[in-house]
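As structure tokens, one chain now follows by itself in the form predicted on its own.
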């Protein structure tokens, strides 16, 4: 397709330039070693790539300029970066960008104590990692990402407790599945001061990795996304200064739900990146593979499958960009904390994730057994994109959150 793939309506010139920069980065730094990433148990390859992304400024991009950060505050810009990195490797993209996700509550709240303590380290030249610890292991009393992210439950299912003792928060609880867990330098931990207080009890508290009482389980052995580490996280009487709470009662709940919303739009872009990568692979393969005397894509059935893939990718990309643009312009499209905006973000994520799963499945069908072997890229896209459909509350909660933009409902 001639011309660039992003709409000028949503992107500034610098966004287009950033998109080209990250696409070139992926082609140069990730694609040559892409097939080795899932076997890189010690993250030697992953670490080198993450350091090179740090050299580009991704780690410090969202931190305030007074700390040496980039001051980036555009969701459109972040989403474009997610798509381009997702075409290379979703796990690496996640590991690189979760640091921003972890510190956004403190940045948006203007929490000087947190920024003074952590920003200089994260705005430096060396790779550092942050973690947003939200999900909890499920059980008979609830828990898990679905209950925690469900705005109708108002934080009442959070089981990680924080109590104030003098000038310190004392935290006890468990977290699961958090990206960069076990390898991060700092953790933003979703807690409650009292589950019965609902949103007023929700607390986002920053925990240094060196904190006494913080420990971790073994890393999860996943089907894909090996560039992103996940493990159980245990907090036993972990003490941090009371100033390390992001904002305060009520405000932390708003910051938390804003993080959920942002994540859905960014992971929609990540899903599109997976789909785009698989599509490019199969488009090339189907032009070279001869069946019944002509290339696969010259057969009408092959062309129809490729068309469905292209339709999904183009529409998913256009919508996630539209949702990001609307988030960036609340003066026109309404508050970012509204159910309408949550609905838009959920539409973007649910649809893009479904498209990515469809595209990778169809790509494997067109490539046959070659799509299933690791010599080609499609099977990795296939494994990596499935979790995007499952995380952030799952595909079902996402659909319920879509409905919140259209009628009053409590699920």
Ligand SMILES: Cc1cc2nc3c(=O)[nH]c(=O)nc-3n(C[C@H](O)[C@H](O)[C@H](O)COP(=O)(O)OP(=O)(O)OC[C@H]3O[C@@H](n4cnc5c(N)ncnc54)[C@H](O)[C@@H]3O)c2cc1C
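Numbering follows the first chain given and starts at 1. As the structure is a prediction and not an experimental result, all values here were calculated from the model.
This protein has a second form, the form predicted in complex with the ligand, left out of what is shown; the following refers to that one.
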Evaluate residue 179 for contact with the ligand in the predicted bound form, applying a 4.5 angstroms cut-off between non-hydrogen atoms, and reply yes or no.
yes
Mark residue 145 yes when one of its heavy atoms lies within 4.5 Å of a heavy atom of the ligand in the predicted bound form, and no otherwise.
yes
In the predicted bound form, does residue 192 have a heavy atom within 4.5 Å of the ligand?
no
Hey, in the predicted bound form, is residue 160 touching the ligand, heavy atoms inside 4.5 Å?
no
Let me know the one among 132, 122, 327, 206 whose heavy atoms come within 4.5 Å of the ligand in the predicted bound form, would you?
132
97, 230, 266, 184: which sits within 4.5 Å of the ligand in the predicted bound form by any heavy atom?
230
Please name which of the stretches 81-89, 220-228, 292-300, 275-283 has residues with heavy atoms lying within 4.5 Å of the ligand in the predicted bound form.
220-228
Would you give me the residues of 351-387 that have any heavy atom within 4.5 Å of the ligand in the predicted bound form, in order from first to last?
387
